[in-house]
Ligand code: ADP
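Before any questions on binding or motion, here is one chain by itself as structure tokens, the form predicted alone.
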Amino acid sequence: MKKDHVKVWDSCLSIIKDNISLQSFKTWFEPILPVKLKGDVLTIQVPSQFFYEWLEEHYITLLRKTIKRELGTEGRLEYSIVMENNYRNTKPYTVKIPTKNKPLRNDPINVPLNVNRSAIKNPFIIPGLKKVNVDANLNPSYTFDNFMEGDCNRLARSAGYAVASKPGGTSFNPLLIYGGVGLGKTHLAHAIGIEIKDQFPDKIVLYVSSERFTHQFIDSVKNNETNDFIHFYQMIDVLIIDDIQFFAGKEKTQDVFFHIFNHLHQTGKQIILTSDKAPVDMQGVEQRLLSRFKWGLSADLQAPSLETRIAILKNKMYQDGIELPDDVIEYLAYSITTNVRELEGALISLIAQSSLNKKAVNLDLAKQMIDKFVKNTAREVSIDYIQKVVSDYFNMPVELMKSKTRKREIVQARQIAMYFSKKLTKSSLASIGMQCGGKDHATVLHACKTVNNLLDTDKTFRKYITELDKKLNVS
């Protein structure tokens, strides 16, 4: 007896209905229409490509089992995708239900984006403009040339340059750059985009913040233009999204980005993301998105070393055409240790203070400015700076003071550095010892005890401590 396609699909629906929630059934299966049954091939009509992709992502296992049950092990399912103007894809995509439990691998559908319809609406342009013109939204001052390389960022910078040289053609897709505030994530993301535009002028590059992406999506939903929104982003060759962690908790935004991500990745387009957290630490982001973030490379940006901080300051001075004394540059680099943005801001504030008050830029002015600029948690001087001041005072290299030598004058300088580190910072004894030549906390305690004893008994030593105290006092 010949089976009827409507009855077969009704039987499939009765099974599916028992395995999913009522709301999901109404949303994703009631709109489907059975079209025909030819042999073991059942053709169903779905409203859109988005609809098809959702079924493939969430319900393919259920569909496979159901079709096998109704049509046998050779049963196959065929989709007919309807476009917005009721255009039907003349070559439906066929999903074969395997006879064994093998993973199903599907190639992307090539569905026309424009079929007798107006141009896709660009969410970045003013309503009424007919031409779709994608502005990359890149900051021209954020380039590789002024992104100073150091151990803290070498991996991320190298990966970014590789991506810029061959967008979509490396294993770094997506490239996720993560790190704390003010370490250069946005700068590096813009630099990659600018380099790609220079090398590949015909590629469509777009930088967008996660907040703006979310607002555009909300507007598209309000205006019933979601398909335009999705299709616009699917046209991009290099998509750069900043602060991806702000997608947390926004389920619909994550869902639409998931499908845009899949399309871009499958078609060899480059995706660049930034975040203040590694994927493993992101809360409120769907697991399917997090797993895709891990497909490429996650490169972290760490706090810059002293040498990198000095290089950043000198590069900023060169760009602005200014000169400062070396001791002022070193003081700024020693005082602000964790945030490049604050470091450059401190330099700008120092120049402004000098210009407005008509004072020469010197170490005293730098100390006054830092005291105001760096807030309560960072008022203390750093261990690095203490070591530099002590080593300069005794006219010896920092490296020698931190070495394992047991010469009396060097041991004494090291003990004084430990003493002031305990007095002027909030660092633990273990941390102080580690930064003062890899010593343990007991050595630091012994050093502090020795310094206190000598203060009471040695007049010359007391003079050392008094003079160093004045040099290190920033209050």
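Given the structure is predicted, the values throughout are model-derived calculations rather than measurements. Don't overthink the numbering: it's just position in the shown sequence, from 1.
This protein has a second form, the form predicted together with the named molecule, left out of what is shown; the following refers to that one.
Shown without its partner, this chain lists Y79, Y142, F246, F258 as candidates; in the predicted complex, only Y142 has a non-hydrogen atom within 4.5 angstroms of the named molecule. This chain appears without its partner; in the predicted complex, the one residue of L71, M148, I230, I329 with a heavy atom within 4.5 Å of the named molecule is M148.
A residue is said to contact a partner when one of its heavy atoms sits within 4.5 Å of a partner heavy atom; N153 meets this definition for the named molecule in the predicted complex. Not displayed here, the named molecule is kept clear of G160 by more than 4.5 Å at the level of heavy atoms in the predicted complex. Although the partner is absent here, G182 is a contact residue: one of its heavy atoms lies within 4.5 angstroms of the named molecule in the predicted complex. Among residues of the shown chain, T186 is one whose heavy atoms approach the named molecule to within 4.5 Å in the predicted complex. Partner contact region in the predicted complex: 174 to 182, out of 330 to 338, 264 to 272, 161 to 169, 174 to 182, criterion any non-hydrogen atom within 4.5 Å of the named molecule. Residue I312 is the only member of 280 to 312 with a non-hydrogen atom no more than 4.5 angstroms from the named molecule in the predicted complex.
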